[in-house]
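Heads up, the chain below is alone and in the form predicted alone; it's given as structure tokens.
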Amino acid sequence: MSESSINNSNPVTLSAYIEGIGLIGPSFNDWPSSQPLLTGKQPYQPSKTVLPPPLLLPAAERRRSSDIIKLSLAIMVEAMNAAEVDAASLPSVFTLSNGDGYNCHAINAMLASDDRQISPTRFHNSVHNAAAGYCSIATGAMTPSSVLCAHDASFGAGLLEAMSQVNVDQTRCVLVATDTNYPEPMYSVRKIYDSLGIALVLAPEPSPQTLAKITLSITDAVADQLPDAALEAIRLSIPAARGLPLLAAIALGKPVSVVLDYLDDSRLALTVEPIERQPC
């Protein structure tokens, strides 16, 4: 991460204004309390992710919801509340690197047993857009929703998709990037050890709720690492955490440039311009 003069040598291809942020992960309970951890103002002490109950869902759906649904809904609602937008009115982009590991494990275990009667709840939670569907039920949204999967590049792919929608359609969009942990034996080949999710409400124009303006282009520069070893371990271990350097840049509250991991031969170059919220 480096201080930016705002005149990026890379050609600016997309821009958007961040109006709301949601964050849950290991020791991250929400965006406001996580900012001192990301900037080094408070020491980071790893602890397991705590997922709040999905209280916006009807009772039946609440009982059926998996960790990835709880995580997606919690960060989405936090970001939308911070942006002061109507959740039912926003298009959405959901991005995740694999899906619900525990649910897939349970289905695989059942198929490998003598009793192959798959639970209907397990089955409908196994589809890749389950979190998007549950969130639309919780918020009453009838707006378009895109669901992406790009393995370790999923955060970058989701950010590109959401910013493209903002620029082309000139409308707000909420990005929801999540990953949840895997049980054995899947964990031995996909070592995602805990849950983490990042949500961003992106807008085409500034508003009283704007936190920062971001501009994005493609680069072959090396991705930024987080200075704290424990935070860097999270960034490398959980694909959704590839977005943490962007959140750290926003939390700094000054113009900076940051490079995020994306593909093997290309990364995302971002400039971050903080915008102080105006009092009501």
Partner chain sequence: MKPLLLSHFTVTSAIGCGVQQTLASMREQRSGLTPCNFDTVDLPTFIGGVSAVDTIQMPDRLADFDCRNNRLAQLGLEQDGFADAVKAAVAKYGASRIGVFMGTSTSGILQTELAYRRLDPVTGALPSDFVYDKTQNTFSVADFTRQYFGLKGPAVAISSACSSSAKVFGSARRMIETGLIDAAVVGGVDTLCLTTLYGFNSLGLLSTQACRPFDIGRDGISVGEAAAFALLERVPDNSASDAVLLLGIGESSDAYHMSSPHPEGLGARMAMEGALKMAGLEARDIDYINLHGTATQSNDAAESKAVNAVFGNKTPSSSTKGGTGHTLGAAGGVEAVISALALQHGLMPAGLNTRELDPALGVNYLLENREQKISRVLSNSFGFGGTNCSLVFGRAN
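Source: prediction; values computed, not measured. Residue numbers count along the first chain shown, from 1.
The following text describes the form predicted together with its partner chain, which does not appear among the structures shown.
Undergrad: In the predicted bound form, does Pro144 have a heavy atom within 4.5 Å of its partner chain?
TA: Looking in the predicted bound form, residue contacts with its partner chain include Pro144, since a heavy atom lies within 4.5 Å.
Undergrad: Does its partner chain get within 4.5 angstroms of any non-hydrogen atom of Asp169 in the predicted bound form?
TA: Flag for Asp169 set to yes.
Undergrad: May I ask you to state whether Ile218 is within 4.5 Å of its partner chain in the predicted bound form, using heavy atom distances?
TA: Answer yes; at least one heavy atom of Ile218 falls within 4.5 Å of its partner chain in the predicted bound form.
Undergrad: Taking the shortest heavy atom distance, is Leu14 within 4.5 Å of its partner chain in the predicted bound form?
TA: Judged by the heavy-atom cut-off of 4.5 Å, Leu14 is in contact with its partner chain in the predicted bound form.
Undergrad: Find the only residue in Ser207, Asn81, Ser89, Asn129 having a heavy atom within 4.5 Å of its partner chain in the predicted bound form.
TA: Flagged contact: Asn129.
Undergrad: Contact check in the predicted bound form: Ile107, Pro120 and His151 versus its partner chain, with a cutoff of 4.5 Å between any heavy atoms. Do all three pass?
TA: Each of the three qualifies.
Undergrad: Could you list the residues in 180 to 194 that come within 4.5 Å of its partner chain in the predicted bound form, counting only heavy atoms and keeping sequence order?
TA: Heavy-atom contacts within 4.5 Å come from Tyr182, Pro185, Met186, Val189, Arg190.
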